[in-house]
Every structure is written in structure tokens, then in C-alpha cells.
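In the block that follows, a single chain appears as C-alpha cells, in the form predicted on its own.
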């Protein structure tokens, strides 16, 4: 049973865009209205808070957006929000619309900013993890991950066709900065022969003998998936394949195609669940919490449980790929 409430609530996207954000915006409007709240969009992230880009949202605004990637309200990274004077301006802009609750789709940097904002100005907020890197501590899943993995899967399957046809090695670079989650899961699910990620130290010399032997025994191609955060550039890995293994090599940097695209089913579903839980939490007195997903269930965690802590890859996934490698 839905208990009707009164008040105004807003939502914004911060940092890198991900597929699934528009599904989150759709459910935000629909569920807020169902709960008796007046929903508002903040355009262009924290920059929009500062510049008063805040508009009331309706069913019309979210019509047909569920299948679109990215975010229809824009996103941004805001250095200005780090300064108290600009946070004060953001508070004044929210006050003009009588908004006292805010949902933030973003990462731990965005959550830290909102934590400070809440302590200064008592604007209650709920954070929803949204990053394709899947590197937020305290949650097993972040919005946008499944779509990004699907994009990479399709790219790797297509690249494998050409690798096999031309008998080449392909080095495919994924996003990930300091986190190798995308590369590791993609390597596992594509059957890649090599995976290099920041979390696992490596020495290419250790692969040379086994790869040379495989080539001599009839292997026709190699597929290497590497994270952008490793110590060597992808072009150097390709040169290593040519000089040390003896096979022609090419490089494909997937880049920002990993962020966009039609949202996968799981990201659409998780968007609904994250936002639903966020609104329920705000109405139930969770004024400064992050919505997390663990062991099949949603839960609330504090900022100190999420931010400024180094994310660790699931050791079982790491072992699945690396335990039988050199």
C-alpha cells in the first residue's frame, strides 16, 4: 500500500553517463507522483544545482525514454561544487522550489559531495551507484554495468571473427581506469587468451613460451582483453605479440561506445529497483545513505562505508581467469 506524502523531491546525474539512467528517471517521476511527491529534474548535475537548472518533471518528460542510453537531463563533473559558496547557491536554488530531498545517480565522489551538502544544509539525499567501472565499495552492482558488458561482448565476438579469418592477435582495450572489472568479466565470457588488469601484476615474458607453443600447435589467433589502467599501452602489447610470439597483431580501443546504447534488461530493472528503494528510504528517514545491492537484496549504507575505500575485485572472478595462467 502506498502512503501519500507531501513535499518536493529532485534527481540529478553526476559524473560519467551510463545506460539505465533514463530508466531511473522514468521510474523516479512515476513513483514520486504515486507517493504524492512533486518530482523535479536537475539538469547537468551539480552544475545545474548551482546554475538553477531545476524544472518540475511530469509523465510527458519521461515518455519513451526507457530505451535510450545516456541521460536526457545531462550530467557533469563540477569543481565548483567543492566550494562552500557554490554549495550555498545550490541550497538557495533548491529552497526556491521547496525541495528538501535529492537523489543522486553517480559515484563515490558525487556521494562525498552530497554528504557534505547534507551536513551543511540538511538536504536529505539518497545515492544510487551508477558507473560502468563497477568500482563502488559496498555494492556488488552499479547501474550501467550490464549494458557496458553487452557492448563489449558484441565487439569481442565481432573482432574474433576477423582475428580468426586473418590469423591475427587482437588487443582490445576496455575502460576501467584503476579497476579491471570490465576487462576481467569480458575476458572470461569471451574466451580470451590474455587478460591484463591493474589489480593483477604480470610479466609478459611469462606468457611467451606457452603462447609460442600454442601457435606452433595450430592456434590460429589470440584475443587479448586489457584494461586502460594497466602499466603498458595497448600498442606495446600488440608489438609484443608480433616480436615475441610471432603473429600479426592489431589494437582496438573500444572507448566511449561502452557507455552508450540501448539499456540491457538488467540495467532497466536495477534502475527501477534502485530508485524505488531510494525514494522509500528518503520517506522513511534515510537522510544520508547510499542504496547498495548485495546477495540479491538492496540495502542502505553510510557514506563512510562506501567512499574513500579502495574497491577490491571479487577474488573468485580473479581466480577463474588467472589460477591456471603463467
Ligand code: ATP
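Numbering follows the first chain given and starts at 1. Small disclaimer: the values here were computed from a predicted structure and weren't measured.
What comes next is about the form predicted in complex with the ligand, which is not displayed.
Student: On the criterion of a non-hydrogen atom at 4.5 angstroms or closer, are 108, 113 and 131 all touching the ligand in the predicted bound form?
Tutor: All of them do, each having a heavy atom within 4.5 Å of the partner.
Student: Is there a heavy atom of residue 78 lying 4.5 Å or less from a heavy atom of the ligand in the predicted bound form?
Tutor: Judged by the heavy-atom cut-off of 4.5 Å, residue 78 is in contact with the ligand in the predicted bound form.
Student: Please check if residue 247 has a heavy atom lying within 4.5 Å of any heavy atom of the ligand in the predicted bound form.
Tutor: Taking the distances in the predicted bound form, the answer for residue 247 is no, it never comes within 4.5 Å of the ligand.
Student: Does residue 168 reach the ligand in the predicted bound form, with heavy atoms at most 4.5 Å apart?
Tutor: No.
Student: Please check if residue 82 has a heavy atom lying within 4.5 Å of any heavy atom of the ligand in the predicted bound form.
Tutor: Heavy-atom contact with the ligand at 4.5 Å: present for residue 82.
Student: Heavy atoms within 4.5 Å of the ligand in the predicted bound form: which of the stretches 82-90, 95-103, 178-186, 237-245 has them?
Tutor: Of the stretches listed, the one contacting the partner is 82-90.
Student: Can you name the residues of 43-71 that have a non-hydrogen atom within 4.5 angstroms of the ligand in the predicted bound form?
Tutor: Result: 46 alone.
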